[in-house]
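Take a look at this one chain, the form predicted alone, written out in structure tokens.
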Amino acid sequence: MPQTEQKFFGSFFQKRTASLISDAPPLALYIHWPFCLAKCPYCDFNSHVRDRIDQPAFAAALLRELAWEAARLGPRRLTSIFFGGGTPSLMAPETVGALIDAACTHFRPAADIEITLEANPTSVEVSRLAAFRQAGVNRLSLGVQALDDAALAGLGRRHSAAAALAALELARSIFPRLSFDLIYARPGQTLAAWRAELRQALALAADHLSLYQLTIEPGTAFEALHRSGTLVLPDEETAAALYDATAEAAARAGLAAYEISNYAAPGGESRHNLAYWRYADYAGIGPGAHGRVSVGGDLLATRRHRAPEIWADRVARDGHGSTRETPVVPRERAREALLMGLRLAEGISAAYFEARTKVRLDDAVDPDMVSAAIDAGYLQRTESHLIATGEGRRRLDALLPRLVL
């Protein structure tokens, strides 16, 4: 081909690709590593304990499924990558690097792409932090869960408070962005004890904290203990006081409650999780991963097989481990967008809601319940947004079933 034609066609296809990317919704990518050293008694995530893990085989399967997903999604701007689990810090750093490189080859990474990896403060995982940073991870999410040894033992954690503090100090020296998790409303926890633990945590915080109230999830070891009366959680009044103390202490430290359980300094919000809460496109690969992706005019709900070995066999056979892939109809889109969006302090934009779901916001909610919730101080309605107030977000689990049509 003559050089002038090469230049012409090269320029044409570059412009065409850029146009396709600008037309398609941006994408968040979730990569699931399903293996853990032990199963925490409160956890209902898709996690598995194995004596031996064939890391090269699972790495190859993740890369193959990523390639399959990218081929059918087409050109997209990639805004975030999130390695979750399970315990993704048990992955070889080389695998993490290969997946980041592949994702940024298949898609066009945003200039400020956020790449998060979840880790625990065990010595095995902490020893790899520098290698994960070198592989391209620029945000670490550390599963501390408590800063008290007795509480850590009760939660089934395999690290001590001292190990958590050392891991946090090391992580702050390596990663430009850092978040860590704590669980409150634990059995026997008092308001005074939680306030003291919060002060310690906030002194260590970088730009983000996730502070979760302990809940009893079906199918967990804690559910059986709770049902038998062996495990007793703080009563409703104490739990509410703990929630209020959490928000107040975080605000004093400059971390705003931008979501029910997540607190951040300005600009420190988890961009990946915001994609979920704002009901944007996100692709999920790996065992049990799910997604919401726009394909051919449809919004598809996707889910991969939960069992790691069966998932890997299906990827080897078909290129992917999907067990279900169905279009999300407008009414269901509206319901999902409401359930996610009202968790955010920013609320839901009526214009974006309609564009994304094909349903008017006013047609998706019970008008009488909206009025009653506004009068009670649980909701706020502006010209452009429907917003759950702080009091409303605290009661969101009770409010949503009555609000959403």
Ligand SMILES: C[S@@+](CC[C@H](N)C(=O)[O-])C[C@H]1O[C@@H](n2cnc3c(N)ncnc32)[C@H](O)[C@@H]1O
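All of these numbers come straight from a predicted model, not from anything done at the bench. From 1 onward, residues are counted along the sequence shown.
The same protein also has a form predicted together with the named molecule, omitted here; what follows describes it.
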| item | value |
| --- | --- |
| 4.5 Å heavy atom contact with the named molecule in the model of the complex for all of Pro25, Leu274 and Tyr352 | no |
| Any non-hydrogen atom of Tyr42 within 4.5 angstroms of the named molecule in the model of the complex | yes |
| Heavy atom of Glu217 within 4.5 Å of the named molecule in the model of the complex | yes |
| Partner proximity in the model of the complex: Arg292 to the named molecule, non-hydrogen atom cutoff 4.5 Å | no |
| 4.5 Å heavy atom contact, Thr95 and the named molecule in the model of the complex | no |
| Heavy atom within 4.5 Å of the named molecule in the model of the complex - residue from Gly284, Gly143, Pro308, Gly268 | Gly143 |
| Candidate from Ser322, Gln213, Asn138, Ser160 lying within 4.5 Å of the named molecule in the model of the complex - any heavy atom | Gln213 |
| Answer range among 84-92, 187-195, 244-252, 161-169 for contact with the named molecule, defined in the model of the complex as heavy atoms within 4.5 Å | 84-92 |
| Residues from 172-188 in contact with the named molecule (non-hydrogen atom within 4.5 Å) in the model of the complex | Asp181, Ile183 |
